[in-house]
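Just one chain follows, in the form predicted on its own, and it is written as structure tokens.
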Amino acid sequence: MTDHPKLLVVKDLRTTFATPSGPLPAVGGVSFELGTNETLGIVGESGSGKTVLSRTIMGLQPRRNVEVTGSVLLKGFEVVGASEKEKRSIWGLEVAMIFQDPMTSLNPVMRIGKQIDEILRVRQGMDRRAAKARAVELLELVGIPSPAERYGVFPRELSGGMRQRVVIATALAGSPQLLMADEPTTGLDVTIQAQILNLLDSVKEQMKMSVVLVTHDLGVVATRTSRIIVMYAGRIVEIGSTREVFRRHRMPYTRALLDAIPKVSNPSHSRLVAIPGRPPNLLDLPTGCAFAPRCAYATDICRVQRPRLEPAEESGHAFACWNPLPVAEGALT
């Protein structure tokens, strides 16, 4: 690893899958930077490219039928084009991932403590006794009650929230500087979601690491991130500080995502606001703006020419839209 002023620098990253129907551009030219001890939110509907982007940054894309171009610099290490051996040298130690479903992330026939032990012994070179002691410490860190006793249980003996805590402990075993959290609260009730998000905030500060929080819910990232990336059809359509994106968003798609969040101020049984239409087919993207068929602000230019993402302000707030919302309209009341 070489010293670099930014922890993560992504430039023109493209991930294209080869399918029987033709090339599928799941990520279509994404660029952004991430500093140390920063939390970045990546939001968008299902199919917007969030998960593929996070896996590509990790270097976890399939070995066949996929083409990755562009650059992913992690502390100066180029992930794109690196060999499997080279990528294994950073997995767990420099970057780790929390996957969506803890039941598919954990080995169902292996005790949870042993799963953490394995990482500590292989990646950190600890002996059996030291690895067990550290595994118990990590279980305590993530809020597992009676960690020494729970060390020997199987994943099936834990609740969904407890399993997710074990997954987080496993990801933290290598003391990574970057933690990718892909929908870490999927399938959990609201109370447990808050506990998991609070836990991520806590361990981030304790371990002085950066977090990329991937989610479809803008409400999740509202108070948990310093910056937000909004993705649609594999591209960034708006990026900026969390405050800017929430209070002065300009992209109609961002507004649609915000409107879709249920509001406690609404009367009981109020109808939820849905985004009209369906996400585009990535195998047959429109010539112009991908959101144009669903956008009430679309004009002729939106349908024939794709807008570019260009910084609109010194703050770094940028959006890709021919007909952006007026600042007054983009401001939430």
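From 1 onward, residues are counted along the sequence shown. Given the structure is predicted, the values throughout are model-derived calculations rather than measurements.
Quick note: we don't show the form predicted together with a small molecule, though the next part is all about it.
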Looking in the model of the complex, any heavy atom of E33 within 4.5 Å of the small molecule?
-> no
If you check in the model of the complex, is S315 within 4.5 Å of the small molecule, heavy atoms only?
-> no
Partner proximity in the model of the complex: L24 to the small molecule, non-hydrogen atom cutoff 4.5 Å | yes
Proximity of P307 to the small molecule in the model of the complex, heavy atoms at 4.5 Å = no
Quick one: from M58, C302, L282, L40, grab the residue that has a heavy atom within 4.5 Å of the small molecule in the model of the complex.
-> L282
